[in-house]
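One chain comes next, on its own, written as structure tokens: the form predicted alone.
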Amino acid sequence: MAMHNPAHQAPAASTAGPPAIEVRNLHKSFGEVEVLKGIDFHVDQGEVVCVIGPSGSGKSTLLRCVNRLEEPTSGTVLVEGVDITDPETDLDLVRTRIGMVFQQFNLFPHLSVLRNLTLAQQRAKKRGKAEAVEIARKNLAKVGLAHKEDAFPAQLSGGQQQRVAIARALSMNPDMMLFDEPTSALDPELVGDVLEVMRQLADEGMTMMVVTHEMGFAREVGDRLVFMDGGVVVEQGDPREVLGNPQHERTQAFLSKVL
């Protein structure tokens, strides 16, 4: 499998334990409309899986079912082997392992950048203030925004806000990161900085599920590309193979419009 960086190797499945994410026969309906029609899907530990497809194909719904922001209609979702669709499962505990970055940045507008990063650490992780601040500063430096800790979200560009949102997710020390079209609300010239932070995370071995329109990122950084359409997985494989030589006519039609 072509890797964009030798440091970013998804570990062999035999040694990695259960997949980071495993979805079995997942269905999701909103009223009469069936959005997910029996999805089987997984992300291995250390793997970067990019999910592409037209609007309304079910990509974001699949992502939101993975941390139960959407309630699956039927089927099973396992996170590191734990069935999060089981009512007995402590969902809050599982969610601390999953970092989530949304299309809209979802920062608290009335809090400084630093406070946006320390609040959840103190509440969910029960960290003391000094420790939370130290971790927050480390992650702000990682996304290139150490100098913005006292700013408020409205004083930042969209790209900076999204990088703060990534730093906030990282401050919870997640085992994996979910990205729901993280660059689609950004001006084109701001996209590169966000993708660069994501590329760096991939190189460090972070497990990532990325719903994206950025085909260059999928080709260069993804270990696997999943094409969804009409609530099903149509095709998946090595990103360069899928993008360069799609096998299914629906994939071909979609890529002919976006590449």
Partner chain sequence: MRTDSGTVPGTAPATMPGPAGRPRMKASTRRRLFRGVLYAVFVLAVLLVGFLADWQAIRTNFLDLDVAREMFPEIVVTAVKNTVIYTVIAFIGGLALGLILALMKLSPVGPYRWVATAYIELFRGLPALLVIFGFAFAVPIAFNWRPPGGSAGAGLIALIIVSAAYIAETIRAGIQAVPPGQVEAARSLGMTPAWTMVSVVLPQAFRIVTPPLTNELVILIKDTSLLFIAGMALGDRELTTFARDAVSQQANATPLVVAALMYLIITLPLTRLVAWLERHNKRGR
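Positions refer to the first chain, counted from 1. Note that the structure is predicted; figures quoted are calculated from it, not measured.
Another form, the form predicted in complex with its partner chain, is not on view; read the next lines as being about it.
Exactly one listed residue, out of Asp187, Asp150, Glu88, Asp92, brings a non-hydrogen atom to within 4.5 Å of its partner chain in the model of the complex: Asp92. Met100 is the sole member of Met100, Ile84, Val133, Leu145 with a non-hydrogen atom within 4.5 Å of its partner chain in the model of the complex.
Taking the partner from elsewhere, every residue among Ala120, Arg123 and Arg168 has a non-hydrogen atom within 4.5 angstroms of its partner chain in the model of the complex. Just one listed stretch, out of 63-71, 226-234, 213-221, 39-47, contacts its partner chain in the model of the complex at the 4.5 Å heavy atom level, and that stretch is 63-71.
Remark: Leu107 counts among the residues lining its partner chain in the model of the complex, judged by a heavy atom distance of 4.5 Å or less. Taking non-hydrogen atoms only, Ser112 never approaches its partner chain to within 4.5 angstroms in the model of the complex.
The closest non-hydrogen atom of Gln155 lies beyond 4.5 Å of its partner chain in the model of the complex. In the model of the complex, at least one heavy atom of Met172 sits within 4.5 Å of a heavy atom of its partner chain.
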